[in-house]
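First, one chain by itself: the form predicted alone, in structure tokens.
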Amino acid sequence: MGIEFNKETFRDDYTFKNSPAAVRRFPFPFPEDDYMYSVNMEPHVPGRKGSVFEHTFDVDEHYLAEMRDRELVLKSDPLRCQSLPHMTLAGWDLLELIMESKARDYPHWFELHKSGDRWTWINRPMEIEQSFTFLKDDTLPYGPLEYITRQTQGDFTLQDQRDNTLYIDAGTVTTQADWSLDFDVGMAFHEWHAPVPLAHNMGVFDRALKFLLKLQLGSPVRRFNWTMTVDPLLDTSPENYPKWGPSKTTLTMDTIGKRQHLRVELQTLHRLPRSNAIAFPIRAYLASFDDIVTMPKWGRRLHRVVRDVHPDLATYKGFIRNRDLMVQWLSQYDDGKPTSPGWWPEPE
């Protein structure tokens, strides 16, 4: 595929960078010049070649660096991966889904060989070759959820369906935008969405839950979410807020282009076959304001979205303190011209 994996960091010296190709395929989340919270679900089907939608699980130039960062987080805080006892089968379901998808979509990097319940998994980028017995926990070095998510970009929750709602009963969460798996594990759907402003009164979550309870096997869906992050830090967890929170006070006009990042989550939802649980991968992508304004359409539109978004959403998404500074900086890249519909960049 011609991808070289970056040697980069998401902490300390922050050497993270996007190549021009990575910027162009960045999933810019705004199809219009304004924003209001919505469900924005669509079928998770293969998208245009080279995009983050091309395959079921996107593997890009940041793969190895993200896996190294996950290893550091889990070493310092093992509770970032949790699975309640009844969710082990769902973990095996997820392992199967990811292994089969990656072996199909990236055969030059991943292989899965099956002989009955005896499987062999090959991950060439991470130099892993593992034989194991499917559904036998003691044949893997970790539980099935942790094993496969140590090799897959993005966060994952597994949601058990019962009592006409969904419960977060398992997950691996090390790249989250200011929420805690340890706090949310065991919560029902409306409980873990309680902090989101405006959407409850609009009925967004009632509609989303009704839709998800009917999610069918083999018909996954996807949506975008977004927030803002100062510096390319993946682990913006509440547990580590003292480490990253103060960075919001240090932006200036001279540094905001490099340091302020738009953080976009490509969220997909998959019904799992044996457990009937729902897998919820949350893949985070980062792009600096400097990256974004290389696409003129995105620069214009981001200025208008940040300028006009409801203050409650700017607060919830963590940038109300720096909103005026962002608007001032982005205004340099908004010439007032109309933007075309959709989020894809304009043709070159």
Partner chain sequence: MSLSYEGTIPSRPRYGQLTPRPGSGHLFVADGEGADAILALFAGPGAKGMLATTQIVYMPGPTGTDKSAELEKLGADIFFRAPDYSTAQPRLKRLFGSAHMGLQLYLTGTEGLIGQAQRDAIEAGLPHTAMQTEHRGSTVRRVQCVHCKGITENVRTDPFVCSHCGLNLFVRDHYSRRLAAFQGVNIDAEDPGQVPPQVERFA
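Just so it is clear, the structure is predicted and the values come from calculations on it, not from any experiment. Numbering follows the first chain given and starts at 1.
The form predicted together with its partner chain exists for this protein as well; it is not shown, and the discussion that follows is about that form.
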| property | result |
| --- | --- |
| 4.5 Å heavy atom contact with its partner chain in the predicted bound form for all of Q82, H190 and A194 | yes |
| Segment that reaches its partner chain in the predicted bound form - one of 105-113, 235-243, 67-75, 138-146, heavy atoms within 4.5 Å | 235-243 |
| Heavy atom within 4.5 Å of its partner chain in the predicted bound form - residue from K258, K248, R207, R223 | K248 |
| The unique member of V185, V173, V264, L269 whose heavy atoms fall within 4.5 Å of its partner chain in the predicted bound form | V185 |
| Its partner chain contact in the predicted bound form: R48, any heavy atom under 4.5 Å | no |
| Interface membership of Y167, its partner chain in the predicted bound form, 4.5 Å heavy atom rule | yes |
| Contact test in the predicted bound form: Q130 vs its partner chain, heavy atoms, 4.5 Å | no |
| 4.5 angstroms heavy atom contact with its partner chain in the predicted bound form for T227 | no |
